[in-house]
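Next up: a single chain in structure tokens, the form predicted alone.
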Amino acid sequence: MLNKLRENWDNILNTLRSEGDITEVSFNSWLKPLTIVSVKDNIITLGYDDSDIGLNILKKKYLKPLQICINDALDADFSVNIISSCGKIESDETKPIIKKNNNSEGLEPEYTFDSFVIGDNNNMAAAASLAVAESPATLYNPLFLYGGPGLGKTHLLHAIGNFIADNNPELKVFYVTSETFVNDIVSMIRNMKDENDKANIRNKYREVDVLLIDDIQFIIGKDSSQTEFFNAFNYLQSHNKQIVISSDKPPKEMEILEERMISRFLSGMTIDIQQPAYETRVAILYKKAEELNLNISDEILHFIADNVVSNVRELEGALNKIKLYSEFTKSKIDIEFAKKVLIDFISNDKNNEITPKFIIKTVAEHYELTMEEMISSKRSKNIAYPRQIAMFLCRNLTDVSFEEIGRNLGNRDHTTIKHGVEKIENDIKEDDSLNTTIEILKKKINPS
């Protein structure tokens, strides 16, 4: 009977996929990794190469239909058992096409489960995220993902949203950053004319089926925002709506977070994402090079993986910089070219040196400005205000003088820099939204 099962195994899985209307990504993540272990005493034992999360999903969602398909194929009556074995999920599924969904908001379609590289540092988070995407508000609610910047939390939040939008278009999915959430609450308080205005903002976050909120740590300490989020959280959870949250640290380590919020966050599944190991960094670089259609040698990819160790965002940034410089200078990409292009990049990653130039660049990227605009003489508010924020951060995060900050911002005099710093200092006291933005920028500049 063992041989017969092996001969029919592919047909059994394909039948289950077809009759169960199982998506390609779900099939490759849960069913394809299954292996036949043994057939003994009317019990078929299958092995699954991953975490307890995967086993739990298989047993809850797929065990009974799998047993029916097996018994139909073998024309017999077997019980099926699934056990854990060593290994990792490996998926070679085709990237799904994200359908237009008017019920989704804030999602980036390029962030999918297929484009997420799985390694030992994030396989638990990836499995739990896919489980939530397959069965919203069923298994893990809330799902709380935490870890340092650039490790893939945002990618997974978008992947969950895109999967649900693609496969359950009737569900309303909303991705939002905590910065946007705080801005909405500040706007509600400032512009509220009557209770209808307040209700409009509140309903924005309550009339959804799936709420994905990124970097929740930035609402901590902002009383109005924290209260509104707590109320929205309770409302959604009591109405069986899915909540997914990301943060830079676990709930218990979030300073001045109310105990009632900690207990809510811990009521679901809390999973950390760690820095990628060397093998995972190499895999990420190979995938990114393929996406960029970048012809680059293994030697260069391994050089980057050896030297850029902090996070996924830095790895991808290294390849983007090589591609850009190669196209601009029409240079051949070899190891010497890569070392020259990435000398500052790698130095910053290793030494984490915070300089005025690095701060100005970070602020420019946050506001989608160029360095040329930041140091220019342009005085339009969309440029001048971020420039003043850069002045403030340079003064607060480094020991350099007003004169040195001015030199890095287009040779401005020290009185201009002093005025910019003082303006932001005063604005922070009155503007919760600006305070949140400053905290986000500080975290981008110095993740430690």
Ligand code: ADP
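For every residue, the number given is its place in the sequence shown, counted from 1. Keep in mind the model is a prediction, meaning the values are calculated, not measured.
Not on display, but discussed next: the form predicted in complex with adenosine-5'-diphosphate (ADP).
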- Query: Taking adenosine-5'-diphosphate (ADP) in the predicted complex as the reference, which of Asn183, Asn141, Ser310, Thr154 has a non-hydrogen atom within 4.5 Å?
  - Reply: Thr154
- Report the residue, out of Ser115, Thr329, Asn231, Ser267, that has at least one non-hydrogen atom within 4.5 angstroms of adenosine-5'-diphosphate (ADP) in the predicted complex. Ser115
- Query: Does at least one non-hydrogen atom of Glu316 fall within 4.5 angstroms of adenosine-5'-diphosphate (ADP) in the predicted complex?
  - Reply: yes
- Message: At 4.5 Å between heavy atoms, is Asn122 in contact with adenosine-5'-diphosphate (ADP) in the predicted complex?
- Response: yes
- Using the partner position in the predicted complex, report whether Gly148 sits within 4.5 Å of adenosine-5'-diphosphate (ADP), counting heavy atoms only. yes
- Message: With a cut-off of 4.5 Å between heavy atoms, is Tyr205 one of the residues that contacts adenosine-5'-diphosphate (ADP) in the predicted complex?
- Response: no
- With a 4.5 Å heavy atom cut-off to adenosine-5'-diphosphate (ADP) in the predicted complex, the contacting stretch among 355-363, 231-239, 284-292, 74-82 is 284-292
